[in-house]
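Presented below, as structure tokens, is a lone chain in the form predicted on its own.
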Amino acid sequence: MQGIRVEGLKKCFGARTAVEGLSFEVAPGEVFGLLGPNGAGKTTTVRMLTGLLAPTAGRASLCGVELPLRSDDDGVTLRRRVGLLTEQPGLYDRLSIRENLEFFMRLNEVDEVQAWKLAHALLERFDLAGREDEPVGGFSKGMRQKLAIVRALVHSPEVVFLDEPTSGLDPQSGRVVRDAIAELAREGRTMVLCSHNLHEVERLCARVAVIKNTLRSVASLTELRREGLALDVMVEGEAAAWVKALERLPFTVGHQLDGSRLRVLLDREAQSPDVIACLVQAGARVHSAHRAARPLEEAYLDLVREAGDAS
């Protein structure tokens, strides 16, 4: 199986530039997060990578298929190798589970015998087995979401794009979906997860790309959270008493107080010993100190905020 390569991807709609300067790679078997606020260009990016939109500039490769598409045959090959779960399930309400899946099997021109073997296993996993002949229009939002995931996987795609895959699901169903995503990645499938659920991203993704019309960062979660290192220091008494001493240090970029805990935000890891020395010289009794990575939410919001300031 092959992954994804994106080089300088750009899309304009008339005078408006939706996304530009997107370059990243996703390895086979990787769960890769695509993060950004509403309107940042995530959906446009996914549409380009699935062949639904032609890029204005740049190029990409998915499963060995080059984008922009060069022929109708390339489009057919891409559809067979790529699975897509959109934000809206896009199912046909008057059709049953069986009829919906059969339609998409024919659309992707797959071997229906093999596809149904996988479909039955997925329906069983998502607690939809036995309801194959019921019209989808009577299903709950969660049931429709699970069926949409089955539809995205039923042709055994090599690359799968999932837009908010656990939206509308109860905690148990959400866990089943997350376990399925992890298992598909272990099988070597490339998974791209678009989500605002940062807790879910932390549980599933090894790396993420943060975009806001342009690429803000591509990094592992560890790297992303370490930008703007924090040092947690426990002192005797109230930590607020030592803030003025720290403010004289040129490399501190902020602080947070919580009783005896003082979180000092630094611009480089090597400055941690200088912080301790400063506190001790000022008279503080230091009980403990350790490096602390920022929460993913904080790192993400900083990148998005910087993008807004730069525009």
Partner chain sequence: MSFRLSRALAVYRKDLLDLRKNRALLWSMLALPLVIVVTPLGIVWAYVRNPTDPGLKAIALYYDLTVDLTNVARFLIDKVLADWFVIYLVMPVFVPILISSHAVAGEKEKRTLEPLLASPVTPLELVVGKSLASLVPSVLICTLAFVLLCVGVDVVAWPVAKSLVLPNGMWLFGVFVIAPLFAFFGNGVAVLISARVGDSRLAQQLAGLMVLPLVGLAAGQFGGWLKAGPSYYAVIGGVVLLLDLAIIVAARRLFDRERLMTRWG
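Computed from a predicted structure; not experimentally measured. Residue numbers count along the first chain shown, from 1.
The next section is about a form of this same protein that is not shown, the form predicted in complex with its partner chain.
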Exercise. How about D74: is it within 4.5 Å of its partner chain in the predicted complex, going by heavy atoms?
Worked result: yes
For this session: Please run the contact check for A27 against its partner chain in the predicted complex: heavy atoms, 4.5 angstroms, yes or no?
Result: no
Problem set entry | Touches its partner chain in the predicted complex: E236 (any heavy atom, 4.5 Å) | no
Exercise. Does its partner chain get within 4.5 angstroms of any non-hydrogen atom of P89 in the predicted complex?
Worked result: yes
Problem set entry | Joint contact, F13, A54 and R80 to its partner chain in the predicted complex, by non-hydrogen atom at 4.5 Å | yes
Exercise. Looking at V177, L184, V218, L84, which has any heavy atom no more than 4.5 Å from its partner chain in the predicted complex?
Worked result: L84
Exercise. In the predicted complex, which of the listed residues (A129, L107, A206, A241) lies with a heavy atom within 4.5 Å of its partner chain?
Worked result: L107
For this session: Counting only non-hydrogen atoms, choose the one of 90 to 98, 116 to 124, 195 to 203, 165 to 173 that falls within 4.5 Å of its partner chain in the predicted complex.
Result: 90 to 98
